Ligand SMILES: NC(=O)c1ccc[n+]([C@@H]2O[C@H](COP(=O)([O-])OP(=O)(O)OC[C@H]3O[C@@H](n4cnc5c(N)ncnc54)[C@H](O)[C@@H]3O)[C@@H](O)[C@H]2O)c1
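First, one chain by itself: the form predicted on its own, in structure tokens.
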């Protein structure tokens, strides 16, 4: 049967057999041990690979080598799995790039932020990581970029740097693919294992080798494609979600104008077939959504400039400022001016039950409140410090003598707040809810002035 197969198909079958037989005997390096890289490293270590994780932060490396996760918040099974693979010796962390010299697989998982002023990707971390990998890359290795990048980045940046630094030819003397991550805080391991994934190589051998590698940790479908398509797919899926959230936010603002409840509107809209209106809220945060739309637009720039994508970003970016306006409005109703008011901000992480503060809408809200002359006090059960902002760890202390409580992040802790206790601690009973955590009718019944996004 194999003898009758076309040459191209036979070649791929032979590659697959080779990678399956030899894979677990080889070494794997993960560059970047953040919210994506650390879960990837522990899963491959659990699968039996000899894994070395590289990170530039010595404190993080030290924690990981002790079996302690630098990621806080509720991450099911991550702490236990990290301790297990570190104690078994299948995962080690270091700040040195030297382990790449013996690595057969190198996964690059560094952040790729976007410069909003220049409207260009901020690729310093990516360039530095790729350069260091190239300087240590051995012949025959497979390099995979998991970071989300603008379309064309593999061809225009990654390949030239790797070839220049290594002296090797991509696709011939080393293999190269991109497999953009699809994880999110709170579901890091679950998403990594169970979600479908797109894998795009610079040639068929690279694609097939990457797919065979990921089969050891991914239960979802692995869809092969080319590198450019994989780049576009990742940035497009996040741009699509960003547009959906912007639509929900715009309907929320319209509901405020006419005195309706957007959450009831959303529930009834979604009763109609093929409708899936998203939740509105205080704003969009995280590493991906606020910048992936711009990565897509940057990489695909040309005669047709994106209009809907840009407008969606503008709407979502405006929501935390709108939340600050609701604070002004609610305080005015309570007979208190915003200038000099103590405002308690509940949550600085961008996502509930996480410690991830990247691009959190809370930062924009805090700045807006300070511009108004208010004195914001921030509480978050999972964050100790963020961008120089001191986080009050005691919820009672954060609320005591406050004139307004404004909720940004729907941590579980805030769902259980006793309104009677809250009112006793506050100087002025005002609640502004950016995530539909508080019951509006109950707040009114307890004597609070209340405002909420879309309510």
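Positions refer to the first chain, counted from 1. Computed from a predicted structure; not experimentally measured.
Absent from the display: the form predicted in complex with this ligand. The rest refers to it.
Under a 4.5 angstroms non-hydrogen atom cutoff, this ligand in the predicted complex has residue 181 among its neighbouring residues.
Proximity of residue 334 to this ligand in the predicted complex falls outside the 4.5 Å heavy atom cutoff.
Under a 4.5 angstroms non-hydrogen atom cutoff, this ligand in the predicted complex has residue 57 among its neighbouring residues. Contact between residue 429 and this ligand in the predicted complex is not found at the 4.5 Å heavy atom cutoff. Residues 110, 128 and 288 are all found to lie within 4.5 Å of this ligand in the predicted complex, as judged by heavy atom distances. Annotated contact segment (heavy atom within 4.5 Å of this ligand in the predicted complex): 182-190, selected among 202-210, 182-190, 362-370, 78-86.
With the partner removed from view, the residue among 174, 97, 298, 105 that has a non-hydrogen atom within 4.5 Å of this ligand in the predicted complex turns out to be 97. This chain is displayed alone, yet in the predicted complex one of 406, 51, 31, 40 has a heavy atom within 4.5 Å of this ligand; that residue is 31. Taking a 4.5 Å heavy atom cutoff to this ligand in the predicted complex, the one contacting residue in 348-377 is 358.
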